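The chain below stands alone and is given in structure tokens; this is the form predicted on its own.
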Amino acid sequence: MALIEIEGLEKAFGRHRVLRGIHLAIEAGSSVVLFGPNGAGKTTLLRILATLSRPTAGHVRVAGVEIRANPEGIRQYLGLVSHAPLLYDDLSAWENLRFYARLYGVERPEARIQELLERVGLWPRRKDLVRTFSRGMVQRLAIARALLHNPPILLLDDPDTGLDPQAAEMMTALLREVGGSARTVLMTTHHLERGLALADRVLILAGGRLVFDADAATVSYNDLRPLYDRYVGGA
């Protein structure tokens, strides 16, 4: 059984249909990258998976459990990095992670916080306020926050948006490290080459529908670019 199962998923805001009959199964331990233009429905899909938005129709199950039946329980499975970093600017990196560790009931929180801050390269800045951080540092701290409770599923919504090339390359290296066989990753991005490097499965979402689904090992960047342009009109 797939870890994430989506059947006939629909989402509408008033008369505007954002998602139109999404069917998707994601196996445990896979790294799936979802491409698509602005307005395709990528963020809406991740928000539904993260239990932050309710679907209009269809079914979404995580580990066999319908998310609408137990959203609080499902959140224990999930780590989310969204457009909003969900961090407090006037707290230090350490204080932010300590706050979230209490929310999640993390055992031995000090050791876990130190481990993650070292992993994302922010241990020397642990006492500094988040408002003094660069965009790339904020994103790295947001990943540490998402990993605090060691969730089996990591949802990443355009994690490289707004980063300069150097920060984006550092982010790519970090995402390679935090993925792996024990964690399932679903990431959205506009950056085809970077996303392809992180994926073992690639999807394209356009007009609220999944229009392409392939094993990343079978698709090169030179293949993907014209496919993407064909499906989304070069957007």
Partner chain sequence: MKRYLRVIAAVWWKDVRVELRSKDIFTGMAVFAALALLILNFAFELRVPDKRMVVPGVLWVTVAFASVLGLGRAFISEKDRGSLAGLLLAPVDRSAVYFGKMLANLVFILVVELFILPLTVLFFNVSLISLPLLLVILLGTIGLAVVGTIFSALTVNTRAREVLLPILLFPIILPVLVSGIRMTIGLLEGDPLSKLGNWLQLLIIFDILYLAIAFLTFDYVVEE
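Positions refer to the first chain, counted from 1. Because the structure is a prediction, the values reported are computed rather than measured.
Another form, the form predicted together with its partner chain, is not on view; read the next lines as being about it.
Think of it this way: in the predicted bound form, its partner chain has a heavy atom of just one of Ala206, Ala168, Val178, Ala50 within 4.5 Å, and the residue is Ala50. Interface membership of Leu80, defined by any non-hydrogen atom within 4.5 Å of its partner chain in the predicted bound form, is confirmed. Although the partner is absent from this view, Glu95 contacts its partner chain in the predicted bound form, with a non-hydrogen atom inside 4.5 angstroms.
Not displayed here, its partner chain is approached by Arg102 to within 4.5 Å at the level of heavy atoms in the predicted bound form. With a 4.5 Å cutoff on heavy atoms, His59 does not count as touching its partner chain in the predicted bound form; it lies far away. With its partner chain left out of view, the stretch that reaches within 4.5 Å of it through heavy atoms in the predicted bound form is, among 158-166, 136-144, 111-119, 71-79, 71-79. Residues of 27-45 are not found to place any heavy atom within 4.5 Å of its partner chain in the predicted bound form.
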